[in-house]
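Just one chain is shown here, as structure tokens, and it is the form predicted on its own.
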Amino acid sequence: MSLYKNIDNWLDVRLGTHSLIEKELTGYLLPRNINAWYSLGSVLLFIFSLQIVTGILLLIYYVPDADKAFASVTMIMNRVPFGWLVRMCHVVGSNMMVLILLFHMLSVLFMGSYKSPRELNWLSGFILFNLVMAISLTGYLLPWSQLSYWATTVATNSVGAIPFIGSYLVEFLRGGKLVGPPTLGRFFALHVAVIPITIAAFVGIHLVLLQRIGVSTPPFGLKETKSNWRGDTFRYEEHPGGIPFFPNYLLQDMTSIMLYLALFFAVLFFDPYLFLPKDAFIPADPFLTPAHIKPEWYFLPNYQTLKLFPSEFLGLAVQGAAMTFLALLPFIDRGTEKHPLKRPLFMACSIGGILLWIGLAIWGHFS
């Protein structure tokens, strides 16, 4: 008997590894009509892992001090071996993570995978989306450049429009009246510790819910596209006759990750500064306001919405109402039909919302 078989047998008799592998991998059956969109969750896990690795490497040289932060980032880019590569992987990866997360949420919406009994899956995913936006915002300030300083000033200013508590919230976020060294310390702690740990916790919750309730069947290629869950008893959605996760769908996951890496490296090597305007290479100067400071592309719709309304409070209220509606969508949309083409009102609202979001982003970019 080979050494491998000896080790395999030793582990199996103690841990039951064979039955565990059969249950979680080869015996874990997925719908036969499952498609590539389902692999975006695995792509997001891969991106999050890569962000943690590159973030830890950046921490070796980054100094979270207002007098030294920009110089330390400059040193990483110019003097640390492969420092530029690590930093640009982190910068490009953060933007790609938001993009892939948006696609993942859209696929869940259009395939009706948010519907009962998956309300908690949707809510945990929605919270993850907001946490990813928060970690992106807090990471924006860390280079302590003109872009990061003034973008953070604009972002924290908008919170001040909330009645009664707005001014206190602004001071709490900044650690003072203005963006300064205390703000950098707070955002650094949030970016490297609080938010990543919270994201990891919610990823765990999201996966446990998925494992507990089962994978949703896509509505495409089926005659019956309505959910048959009646809501009276717990039911794990099984897929008898489906395809095993290992090796079949794992191959699809790996294919999607390779396609993502192709796009990621294309941006990294052919247009690495795509997400860094020229103000990102100038040290922060609190006494010199740039002429056209803009937030990251995924905050442009929020930025433009605030400009459209006569008061920032009204703009915030509209965005808050839209986000609340999105969070509570599984409790509002109680229909059992999952196929998007059989939900005309949903299709009209969804496509209209997407076009509005894109339009506001373009408008915000050129305004």
Partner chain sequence: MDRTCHMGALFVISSLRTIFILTGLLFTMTTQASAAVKSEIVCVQCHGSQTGRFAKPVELWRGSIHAENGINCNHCHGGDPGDAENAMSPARGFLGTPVETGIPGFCGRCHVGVLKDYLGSKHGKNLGKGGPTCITCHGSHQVKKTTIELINEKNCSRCHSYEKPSQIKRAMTATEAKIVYIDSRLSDFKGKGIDTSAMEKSLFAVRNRFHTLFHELNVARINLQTAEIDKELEQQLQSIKRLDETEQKRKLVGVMAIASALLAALVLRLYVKSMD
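As the structure is a prediction and not an experimental result, all values here were calculated from the model. Residue numbers count along the first chain shown, from 1.
Below: the form predicted in complex with the partner chain, not depicted.
Residue contact with the partner chain in the predicted complex: residue 319 places a heavy atom within 4.5 Å of it. When contacts are judged by a 4.5 Å heavy atom cut-off, residue 60 does not count as touching the partner chain in the predicted complex. At least one heavy atom of residue 302 is located within 4.5 Å of the partner chain in the predicted complex. Using a 4.5 Å cutoff between non-hydrogen atoms, residue 211 does not count as a contact of the partner chain in the predicted complex. Across the proposed site, 52, 89 and 95 without exception lack any heavy atom within 4.5 Å of the partner chain in the predicted complex.
For the residues 259, 106, 274, 200, the 4.5 Å heavy atom test against the partner chain in the predicted complex is passed only by 259. Listed residues 220, 188, 229, 126 were compared with the partner chain in the predicted complex; 126 is the one with a heavy atom within 4.5 Å. The stretch in contact with the partner chain in the predicted complex, judged by heavy atoms within 4.5 Å, is 322 to 330, chosen from 335 to 343, 322 to 330, 40 to 48, 23 to 31. Residues of 293 to 311 lying near the partner chain in the predicted complex, listed in sequence order, are 293, 294, 295, 296, 299, 302, 303, 306, 307, 311, the criterion being any heavy atom within 4.5 Å.
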